[in-house]
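What follows is a single chain, given as structure tokens, in the form predicted alone.
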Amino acid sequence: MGLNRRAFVLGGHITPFIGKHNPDFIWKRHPDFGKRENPTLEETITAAVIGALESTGTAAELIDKAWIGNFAGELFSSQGHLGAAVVGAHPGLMYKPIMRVEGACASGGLAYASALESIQAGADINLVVGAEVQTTVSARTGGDYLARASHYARQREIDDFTFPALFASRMKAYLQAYDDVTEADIGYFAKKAYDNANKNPLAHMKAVQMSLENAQAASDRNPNFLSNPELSPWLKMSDCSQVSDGGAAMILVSEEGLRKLGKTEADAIEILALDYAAGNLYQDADPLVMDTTAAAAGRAYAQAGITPGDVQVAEVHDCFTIAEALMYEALGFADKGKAVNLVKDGVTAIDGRLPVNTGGGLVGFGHPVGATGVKQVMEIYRQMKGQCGDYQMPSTPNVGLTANMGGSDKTVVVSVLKNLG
């Protein structure tokens, strides 16, 4: 989108991302099972909103508009109508114009885009929220719910776990097309994700270790789990993002918004560009490319006046390890079939030339669907402001990129961000 008014991310808040195998998550093997319960969707939204307001020193009464990204609250939590739920987080939000935005796993990114468009239209202080609670049902039921992000009528029966099957198909195509890339090579993506998550106290998989050997081949500890016999050999548990609960929220402001809040540009990061694109849900594209991502990224680069080589930190949508590889190529970080070289050579490690998913990405940090697009922006903000603790980059980045994807490259939001001090 064209930006006629400067816009900034002032900061925000990320809740812990939790789920199975996280020590803070209550499940049947947890010693507190039956004594405590995990945060509800309502509690998660409230924690994210209050955290964002308090961390940025923003009075709720000063919010002009707000958006919440959420994919499947009606299914996982029996709760829709989430714009009004945001009001429940703080009395100062009463009667504000607030709405929910849905775009599958890009719901948070679209909420972010909506807030930016509102700033272009004249608003000065906007709140963006993303939240999802997905651990309320069994894995198979959850897989059915998440399959609504595909073309359900056509793709649901591919496997009990529709989305892992769709990306297993991409993995199969990729490894068969590029003879010099192996399953063992793809394991480097999972290893990086878990290593980064182990340094991140907010990460779902913060306490789970992943050896390179385990990530590189299927085993009893890391099984192929799909029931579709043609696709099962091509995806392991370690290749998958986490079924997580969590939320994130942030404050977007104009130059006038900074002034109203008594802040300076040094307190913020600037949004240089944002674009979003949608593909055709009813047609399958080339499994070797992410055309929708490339379209959104190309426009965002042009708006920002930069090239892929100018990006110094990135948050990309690694719902599966193969998605991270394809994201590298769609975003112009690597040529086709060459994405694995970046991760194997350490280019995208925290101390590399282009750190990607420093907090663990969706595989390690977790993937509460509606929260992911907001969390990505906050992770860039936190890196630029030196707030990442043990996973802080050794040098402060000046240009960052986020790429949030819904479905199998069907809705994509890409933004370019600049550090201002």
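Quick note: we count residues from 1 along the sequence shown, nothing fancier. Every value quoted in this text rests on a predicted model; they were computed, and no experiment measured them.
If you look for the form predicted in complex with a small molecule, you will not find it shown, but the lines that follow are about it.
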TODO: Flag this candidate site as yes only if 20, 164 and 406 all have a heavy atom within 4.5 Å of the small molecule in the predicted complex; otherwise mark no.
DONE: yes
- [ ] With the small molecule left out here, work out from 327 to 335, 117 to 125, 221 to 229, 295 to 303 which stretch has heavy atoms within 4.5 Å of it in the predicted complex.
- [x] 221 to 229
Task: Candidate from 269, 322, 89, 149 lying within 4.5 Å of the small molecule in the predicted complex - any heavy atom - done: 149
TODO: Have a look at 110, 273, 104, 311 for me and say which one sits with a heavy atom within 4.5 Å of the small molecule in the predicted complex.
DONE: 104
Open item on the list: So in the predicted complex, is the small molecule close enough to residue 317 to count as touching (4.5 Å, heavy atoms)?
Closed with: yes
Open item on the list: Quick check on residue 242: any heavy atom within 4.5 Å of the small molecule in the predicted complex?
Closed with: yes
Task: Any non-hydrogen atom of residue 140 within 4.5 angstroms of the small molecule in the predicted complex - done: yes
- [ ] May I ask you to state whether residue 237 is within 4.5 Å of the small molecule in the predicted complex, using heavy atom distances?
- [x] yes
